[in-house]
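First, one chain by itself in structure tokens, the form predicted on its own.
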């Protein structure tokens, strides 16, 4: 079969790998000059910067991304990594000397002694869910099912609580609640909108100290681990693309699809920006859901049910990002390469502002990532790379990003300078990136940095669409965002194509 895939992100590449293995004719079309989407590096003036994923999961043996690469005989070198967390009055930075896997628990009790009992209960809850996660990854057996059921019974009372309800039940201090739910701001989700069972998985203790042992006494991986890919995360899409090309796949870079042609409710061809039409047996697209279905296809081809899903999508917001080249080593001040700096514990208010086009000017929080820590080659000799970014609305109330970006950049640098002294004096390169840049980069009208909000009740667009021979993948599909989920979506669409189109 001849299959066209629109977009060269990780979901598309995962799908294409499986299809070329089956000797199908595969054409991948992308408007940018190389594969990966936001996994590709931003490069200018001799500096390279990560754009999207920072800490990468599922890169250890037997984990999903590792096994995908292994299937094409690629093993990428990685190193364990972690992140720090700083609130206005509290610092959760890993100690110089390793104090065991529970040092964050003990530090939290030191900072918030009045909530010591709740902190202990949180970690009991955390360990129960880590055990359930581990058991779910083992070979199914009656014994494992029994252990899972017994473990679940110990935390069953929390199963219907939101993150907001759960943390308020355990902690009296709003700052302590922010310690365990602040990361939700990255997803632009209100703690009232998401189930509390998600908290341990976005706050794995191994994400805060890379020295924590992730294996059990039998040598099996028990806890999730996070890694940097040596040389940058773009090595993953580059390896997949190389395999696809070596096995007959074709990439059309710097090319935009302007229309997906439908005949008799069947996807037949794509029209390119150069006026050329390419026929196909199957067409698959990633990208913005609204842009794909309402602009490239047309609402008239959708069922009422699918249109309702699209109309009720809740997309994550954008980011405001600074890439800085500096002539001093920022690691002398920030001991971990990635640190989140929270400026507020009012996540409900922060989410409200984002959704109502009110930019917080950095006051609600930001992160600092030192790109050149894990990839010294990202910077010229004697220089270093820093990325500072924060969640931000797609458009700004009463102004535009173009009008305000330099002012906002100076403000963000000033806030970062509290943690990286004299930062202003050492900047030798600066690139300011707004939602407008990413709208152009991703060919979307609304840039969602990460996909769809993971709120309870959110229904995401299914891979299988109402249009015959057309499938939808990527961070705004049913798989949602993140490297592993979107890659998993590529596998699912491959199975759908096999079962539906190869009968």
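Here, rigid core means the biggest group of C-alpha atoms that superpose within 1.5 Å across both forms. Because the structure is predicted, anything quoted here is derived from the model rather than measured. Residue numbers count along the first chain shown, from 1.
One more form of this protein, predicted together with a small molecule, exists but is not displayed; see below.
Screening 41, 54, 467, 68 for any heavy atom within 4.5 Å of the small molecule in the predicted bound form leaves a single hit, 54. In the predicted bound form, the small molecule sits within 4.5 Å of a heavy atom of residue 443.
In the predicted bound form, residue 389 approaches the small molecule with a heavy atom inside 4.5 Å. The small molecule is not drawn, but in the predicted bound form it has a heavy atom within 4.5 Å of residue 321. Taking non-hydrogen atoms only, residue 449 approaches the small molecule to within 4.5 angstroms in the predicted bound form.
Only one listed stretch (105-113, 252-260, 414-422, 202-210) carries heavy atoms within 4.5 Å of the small molecule in the predicted bound form, and that stretch is 252-260.
Put the two forms on the same core and the Cα of residue 480 is off by 2 Å or more between the shown form and the other one. In comparison with the shown form, the Cα-Cα distance of residue 23 and residue 479 increases by at least 3 angstroms in the predicted bound form. Three angstroms is the minimum change: in the predicted bound form, the CA atoms of residue 184 and residue 479 sit closer than in this structure, by 3 Å or more.
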